[in-house]
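One chain follows as structure tokens, the form predicted on its own.
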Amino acid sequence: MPVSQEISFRRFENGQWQSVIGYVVSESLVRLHVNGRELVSLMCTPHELEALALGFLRSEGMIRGLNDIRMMKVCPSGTCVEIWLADANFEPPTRRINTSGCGGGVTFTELTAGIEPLTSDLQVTPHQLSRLLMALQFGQRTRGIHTAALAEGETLLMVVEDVGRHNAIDKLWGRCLQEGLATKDRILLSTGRLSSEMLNKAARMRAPVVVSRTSPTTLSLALAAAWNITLVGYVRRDSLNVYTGGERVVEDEEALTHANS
């Protein structure tokens, strides 16, 4: 299914009605089955579902990589993903945590379980982050959708879209697994609010710099400080907020060149 669907609607503007053809983001319920049993149902954009399933399992610590997958397929209707693990004795967790993610996010992991603080020499500049996020937004193919990306330097290495901001991060990690792209020591960008489950995913990806066009939450700030993650929000063309890990954000390009020389 495409990321968006064409629709017709009426628009009122400047005192007049007109008929318009436009696009709205696709959204549906997709079930993830593992070893023949339903693990979770996700409200998502039904596009790149294999990547979404892989990223969700990886961010939940249920797999370490593609070698843990014996078989995976999307059912013909596009409403479920069937995954069979190499571990035939896999027992899914029973305790679910409903998150603040749009669409009713869910995680099976304790937010602070098994995550060590990140150590990284990565440094960035305000203008670099602004350019990256502007490129991310200008490249959006669909309105009303969240976008996530992995970046290095001035380059967006991987970009994905989904109606859910947490799904977008999972899809991003799933695509990286599929294409053998490392997430460690890269910049993670999101168009969505940076809440605790978003920081949890970033920490497990070992991404030391997390950037958003909008705000963090109090719990995400506490987690970012505990995990030594640089958290940057409200990024605009000429401004941004650095909430934690400010030592990684250097003043200008000359300072960055000097720091890395």
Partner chain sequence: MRTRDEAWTALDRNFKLFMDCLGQLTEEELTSAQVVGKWTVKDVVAHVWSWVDEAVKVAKAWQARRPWQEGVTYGDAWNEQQVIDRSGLALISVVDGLTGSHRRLVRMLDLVEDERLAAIDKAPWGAEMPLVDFFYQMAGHYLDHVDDLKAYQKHCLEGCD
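Numbering follows the first chain given and starts at 1. A quick note: this is a predicted structure, and the numbers were derived from the prediction, not measured.
We do not show the form predicted together with its partner chain, though everything after this point is about it.
Worksheet item: How about Pro76: is it within 4.5 Å of its partner chain in the predicted complex, going by heavy atoms?
Response: Within the cut-off, so yes.
Worksheet entry | Residue contact check: Arg64 to its partner chain in the predicted complex, 4.5 Å heavy atom | Although its partner chain is absent here, Arg64 would stay clear of it in the predicted complex, with no heavy atoms inside 4.5 Å.
Worksheet item: Arg70: heavy atom within 4.5 Å of its partner chain in the predicted complex?
Response: Yes, Arg70 lies within 4.5 Å of its partner chain in the predicted complex.
Practice prompt. Answer for Asn35 alone: is it within 4.5 Å of its partner chain in the predicted complex, judged on heavy atom distances?
Written response: Contact with its partner chain, yes.
Worksheet item: Only one of Ala135, Cys80, Met158, Ile115 has a non-hydrogen atom within 4.5 angstroms of its partner chain in the predicted complex; which is it?
Response: So the residue touching its partner chain in the predicted complex, by this definition, is Cys80.
Item to complete: Name the stretch: of 122-130, 174-182, 148-156, 81-89, exactly one has residues whose heavy atoms fall within 4.5 Å of its partner chain in the predicted complex.
Response: Going through the listed ranges, the match is 81-89.
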